[in-house]
Ligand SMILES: Cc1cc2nc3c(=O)[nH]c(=O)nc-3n(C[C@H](O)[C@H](O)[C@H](O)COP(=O)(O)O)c2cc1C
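Below you'll find only one chain, the form predicted on its own, shown as structure tokens.
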Amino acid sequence: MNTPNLFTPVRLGAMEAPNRIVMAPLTRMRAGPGRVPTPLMAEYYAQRAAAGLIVSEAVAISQQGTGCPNTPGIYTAAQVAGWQRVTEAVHQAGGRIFLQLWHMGRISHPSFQLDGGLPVAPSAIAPRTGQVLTENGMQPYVTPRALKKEELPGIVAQYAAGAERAKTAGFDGVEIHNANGYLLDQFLRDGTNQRKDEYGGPVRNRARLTLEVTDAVAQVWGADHVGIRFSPGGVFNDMHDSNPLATFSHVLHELNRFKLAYAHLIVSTKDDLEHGAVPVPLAALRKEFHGPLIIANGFTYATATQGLAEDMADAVAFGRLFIANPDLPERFRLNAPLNALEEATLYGGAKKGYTDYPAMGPQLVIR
């Protein structure tokens, strides 16, 4: 049996990807008024259509789920129309794109909420570090409002509605954002979930909302068009868990019943560990989830190739490299030089540092 490499096709649920190079979800804060995707965003994604799969930036499923300026939504007709332009551009360029469904939970601010209400969370616990970026600059986090049990079906319905609108917008599937300290991650981990009902306490309860959302979204799309993303060792947005290996092993094992298109794991790098992240053995998580696995976070061509050869995953997602190199798969294939990333233009702005990174010219090709 031949060992797969980054250019070997891979089946991710219902989709046959022509390579194993995934464009990771990347917040760029360039949506227009009303959180509507712009023509510039369509150009940006179409430039990167050679990826085996593009996962869109995180997309708010409701106004309640927002919490950052100039990030796109999927809860109004205008937003759906904007995303239709994006998916059409990607498909015309030969690509495939999933929309990432996002609810920020406590990582929001009253200025983003209807009538200035409090952000919602599993428990009334504010992040202990950091601040929230608002339209008026950085502000302290507020203590969120704990969601009542009777509100949780409404949260599930928000995800299902976002999934429906993503289908109308022409996406090829959706990815549930269950990582990086946002709402579903807040429910899953015991550092942020101190509920006393059936959505809190032991991990089987803390995983309940994730599984309910997955079921609802799978009913919209079919499970083979649905992926899900986790950050098992991550501490971003003041996240922690008393036993992350047990927590994420449980939820990944339970997800097998759906036969999802894939699970997408953010692995902890050496730098992450030095900043407080927890080591969670990838090999152990790989054994728990029986479907295709995508891994992400700081991979290079060499380390990604090694990961596939060692059967750590079935595909690898690249973030910062895809920002600076719209033609990343071709550069990898030809061992060509890579553009340097401009840190100052990562968030907000217009085309500079967004759609103006040069594609590879003949003079750059190393054969």
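Note that residue numbering follows the sequence shown and begins at 1. In this text the structure is predicted, and so the values were computed from the model without any measurement.
Quick note: we don't show the form predicted in complex with the ligand, though the next part is all about it.
Contact with the ligand in the model of the complex, defined as a heavy atom within 4.5 Å, holds for exactly one of 61, 58, 315, 54, namely 58. This chain appears without its partner; in the model of the complex, the one residue of 79, 180, 123, 87 with a heavy atom within 4.5 Å of the ligand is 180. Although the partner is absent here, residue 14 sits far enough away that none of its heavy atoms falls within 4.5 Å of the ligand in the model of the complex. Although the partner is absent here, residue 333 sits far enough away that none of its heavy atoms falls within 4.5 Å of the ligand in the model of the complex. A residue is said to contact a partner when one of its heavy atoms sits within 4.5 Å of a partner heavy atom; residue 266 meets this definition for the ligand in the model of the complex. Contact annotation for residue 108: none of its heavy atoms lies within 4.5 Å of the ligand in the model of the complex. From the list 199 to 207, 242 to 250, 289 to 297, 273 to 281, the contact stretch for the ligand in the model of the complex under a 4.5 Å heavy atom rule is 289 to 297. Although the ligand is not shown here, in the model of the complex the stretch 309 to 336 places heavy atoms of 317, 318, 319, 320, 323 within 4.5 Å of it, in sequence order.
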